[in-house]
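Have a look below at one chain only, the form predicted on its own, in structure tokens format.
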Amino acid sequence: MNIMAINGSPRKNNNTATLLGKTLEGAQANGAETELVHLYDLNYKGCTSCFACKRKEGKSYGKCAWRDDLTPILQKIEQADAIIMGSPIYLCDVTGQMHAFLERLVFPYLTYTEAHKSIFGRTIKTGFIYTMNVTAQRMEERGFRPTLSWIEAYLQNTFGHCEALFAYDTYQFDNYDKYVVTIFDEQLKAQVRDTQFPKDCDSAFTMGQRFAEKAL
């Protein structure tokens, strides 16, 4: 069992990376081999609309033809048993690096046929972890959910399975006194960090355990 985690945050040791690490710990506890990829370490672009992945009898049909640092990651995913992605929310959506990754990951497998039938060829487990410094209520009020649900829908359609984990009201700065921040209460943020975030970590660990169980 091979499980990959994809970190779409520029930070390697903060909320998103921590939760992804917990999923891999859970997977390892069930005997899986794991790998964590930090997208911000890689030099790549999003989809360039070359359509080589759609060309009839083309050598890149169903595969991304562009060659850059993302190419070996996409090749590994072809053989993976599960993928867990994570991103903080920037401007009501996942980070630019994560969005570019998703374009390159999903588009080659989706055909321009009825219901955008996938040609990935098998079903694997995929998961998405979202971290954000707003509450669940604010997420709904600001309309984050419809945007994010499309990500899950594409992953579900492409790979046959997707589940999501949300971490709300996360602690953003090491020291709030150093920044101009008037809309957040640091004490309340610290309370969430100390009481809720450990529960989020437990949920991530459990996700990893489930993903390391036998294939769907």
Ligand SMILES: Cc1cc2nc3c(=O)[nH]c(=O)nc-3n(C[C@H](O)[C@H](O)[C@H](O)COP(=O)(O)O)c2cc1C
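What you are looking at is a predicted structure, and each value in this text was computed from that prediction instead of being measured. Note that residue numbering begins at 1 and tracks the sequence as displayed.
Not on display, but discussed next: the form predicted in complex with the ligand.
Subject >> Non-hydrogen atom contact residue 80 with the ligand in the predicted complex at 4.5 angstroms >> reply: Flag for residue 80 set to no.
Original post:
Any chance residue 34 has a heavy atom within 4.5 Å of the ligand in the predicted complex?
Top reply: Because no heavy atom of residue 34 falls inside 4.5 Å of the ligand in the predicted complex, the answer is no.
Original post:
Just to confirm, residue 91 within 4.5 Å of the ligand in the predicted complex by heavy atoms?
Top reply: Residue 91: contacts the ligand in the predicted complex.
Original post:
Counting only non-hydrogen atoms and a 4.5 angstroms cut-off, does residue 133 reach the ligand in the predicted complex?
Top reply: Residue 133 belongs to the contact set for the ligand.
Original post:
Only one of 62-70, 147-155, 169-177, 49-57 gets a heavy atom within 4.5 Å of the ligand in the predicted complex; which is it?
Top reply: Residues of 169-177 come within 4.5 Å of the partner.
Original post:
Out of 98-118, which residues reach within 4.5 Å of the ligand in the predicted complex, heavy atoms considered?
Top reply: Not one residue comes within 4.5 Å of the partner.
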